[in-house]
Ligand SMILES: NC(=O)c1ccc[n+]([C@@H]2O[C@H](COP(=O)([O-])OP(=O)(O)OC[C@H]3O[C@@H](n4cnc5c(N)ncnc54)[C@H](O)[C@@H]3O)[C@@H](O)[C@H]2O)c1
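Single chain ahead, written as structure tokens, the form predicted alone.
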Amino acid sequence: MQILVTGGAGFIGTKLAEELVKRGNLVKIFDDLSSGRISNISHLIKTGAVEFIKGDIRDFSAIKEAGSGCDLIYHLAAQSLVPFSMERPDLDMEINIKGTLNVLMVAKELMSKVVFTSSSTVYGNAVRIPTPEDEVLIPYSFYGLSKMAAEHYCRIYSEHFNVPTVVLRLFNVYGPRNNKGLMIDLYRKLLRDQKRLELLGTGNQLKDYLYIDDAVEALMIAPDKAICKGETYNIGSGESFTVFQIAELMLEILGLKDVEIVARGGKAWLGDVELTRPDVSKAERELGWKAKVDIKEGLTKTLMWFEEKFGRIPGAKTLH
């Protein structure tokens, strides 16, 4: 099968493309390289099974050309930073809403199936914890708002135009090759100072963290197992940890002692949702998917990659 992956040079897209190639598919990667890197996929291009197309998700004709011959489109391309969305809601809207609409218009013409990666941010400050998919969506950031709107475009394209779509609401995906987020922030701070670790916000933010391999497995399963009529699925571990707990576990894995952990206080950033814990029973029931990698195993693998990429923290034990 020939498959298009928008945003395929990014953190999740790269891992997805690797898995698709491993299972015998031909893959087209469409990315503007604003956050993705060509170095992430150069090894895949060399295999001959992956074609890279540099393009902007807001350019309909470029997506249409890239999608030619593809039966399945994974739409991962997005503006994914909550703080940026609060500064530039106009760009966030153009990329996340118009970009998704372009993908759906192309899918309609090509009769392709679409797997759309949404986000836990669509819930905002959810009332029900754990949060099921039928929770009322009241986004707390423009990023969450744009993802919510894009979800509805997927649903309406399925209902009215018979475009097969499935929406995966990903929670905080982490792992090797991720160059943003809590864990890399903490690692870089420890590289600078092994005695004091400052946390953004109160440190009590309680969130679900999903290892990259589990996220990709959900993406692989969804197009075959879902009915593909705009259904939404929570894709998370089903467990939540505070920033303090992540920091303490990281120090334990690294063997670092006598590190003072200090919370800066206040909000980590404008638009940040401080509590996420999904109800993941629907994905388990309908897709047969459940996260397998626990937080300690996933964090250890991530720290091994950080050590290799950025160097060992002075005083920390070697993980390799």
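Remember, it's a predicted structure, so these values are computed and weren't measured experimentally. For every residue, the number given is its place in the sequence shown, counted from 1.
FYI, the form predicted together with the named molecule isn't displayed, but the following is about it.
**Q** Is it the case that Leu76, Ser80 and Leu170 all touch the named molecule in the predicted complex, with a non-hydrogen atom of each within 4.5 angstroms?
**A** Every residue of the candidate spot has a heavy atom within 4.5 Å of the named molecule in the predicted complex.
**Q** Indicate whether the named molecule has at least one heavy atom within 4.5 Å of a heavy atom of Leu33 in the predicted complex.
**A** Leu33 belongs to the contact set for the named molecule.
**Q** Heavy atom to heavy atom, is Lys292 within 4.5 Å of the named molecule in the predicted complex?
**A** Because no heavy atom of Lys292 falls inside 4.5 Å of the named molecule in the predicted complex, the answer is no.
**Q** Even though the named molecule is not shown here, does Ile95 get within 4.5 Å of it in the predicted complex, heavy atoms only?
**A** Contact with the named molecule, yes.
**Q** Is Phe11 close to the named molecule in the predicted complex, meaning a heavy atom pair under 4.5 Å apart or at it?
**A** Yes - in the predicted complex, heavy atoms of Phe11 and the named molecule come within 4.5 Å of each other.
**Q** Hey, of 64 to 72, 25 to 33, 250 to 258, 269 to 277, which bit sits against the named molecule in the predicted complex at 4.5 Å between non-hydrogen atoms?
**A** Checking each option against the 4.5 Å cut-off leaves 25 to 33.
**Q** Find the only residue in Arg188, Arg88, Arg155, Lys180 having a heavy atom within 4.5 Å of the named molecule in the predicted complex.
**A** Result of the distance check: Lys180.
**Q** Among the candidate residues Thr165, Asn234, Ser141, Thr117, which is the single one with a non-hydrogen atom no more than 4.5 Å from the named molecule in the predicted complex?
**A** Filtering the options by heavy-atom distance leaves Thr117.
**Q** If you look in the predicted complex, which residues in 246 to 270 sit within 4.5 Å of the named molecule (heavy atoms)?
**A** Nothing in this stretch is in contact.
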